[in-house]
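Given as structure tokens, the chain that follows is alone and in the form predicted alone.
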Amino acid sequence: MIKIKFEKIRILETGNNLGPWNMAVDEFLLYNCKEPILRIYGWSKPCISIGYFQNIDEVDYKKCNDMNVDVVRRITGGGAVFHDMELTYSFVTKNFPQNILKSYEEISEVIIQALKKLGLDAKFSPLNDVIVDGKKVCGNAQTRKNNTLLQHGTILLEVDVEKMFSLLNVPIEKISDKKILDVKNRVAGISKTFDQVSNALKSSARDVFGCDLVPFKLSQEELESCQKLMDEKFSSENWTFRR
């Protein structure tokens, strides 16, 4: 039973951008949230995002550079995520369940209902995943600052497990054909287009939260603030290598 409701949600569609920019916008929204915001975005080139507490040594940073793959540290926890063929969303709100599991469950209901609109039998898998036919298709992460919640997550359109493994510093015994097959059996893309998922997600947000959707764009001043965050924080090796 979804308890959080909104009169309106602002919809921000920012297209495909570099990893540091995507993380900068999410942080800006977290600290400047006045009304609930659903942001929908993608990646202009492949990127690995690492969790706030994660050690950079878990990523093959040199290989990422050689293969033109961004590496960026998130402000949310969790492990390394390879962003490539996916739709990414973020949801920012001051109205949310204080219980962490409950907040994941209620916000993830938007994802579940969107996937059901696309003909997929999606289910919530605690603590923070969405699965279809037993396979993970969406992972999510959260942070809370100044009585505001940011949840962002990835909806996998397609998955390249071999490429993902090649960019991580995984012990050799964990990159055997058997291990890769095991991951393929646990993670899957949904084989839908970005636009299909985007449209379903917006429709689902309206239905689940019983609200109006209000499209909006960042002002020039707000874009400049995001650019400053990108330049001074998320593009900085001091931030990326901080742990």
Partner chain sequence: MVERKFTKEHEWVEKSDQIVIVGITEFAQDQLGDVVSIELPQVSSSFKQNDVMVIIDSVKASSDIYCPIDGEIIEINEKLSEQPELINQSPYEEGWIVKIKPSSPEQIDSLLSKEQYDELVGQSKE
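Numbering follows the first chain given and starts at 1. Keep in mind the model is a prediction, meaning the values are calculated, not measured.
Note that the form predicted together with its partner chain isn't included here; everything after this is about it.
Only one of 94, 136, 145, 163 comes within 4.5 Å of its partner chain in the predicted complex through a heavy atom, and that residue is 145. For the three marked residues, 53, 98 and 104, a heavy atom of each sits within 4.5 Å of its partner chain in the predicted complex. Just one listed stretch, out of 155 to 163, 82 to 90, 107 to 115, 69 to 77, contacts its partner chain in the predicted complex at the 4.5 Å heavy atom level, and that stretch is 69 to 77.
By the criterion of a heavy atom within 4.5 Å, residue 242 is counted among the residues contacting its partner chain in the predicted complex.
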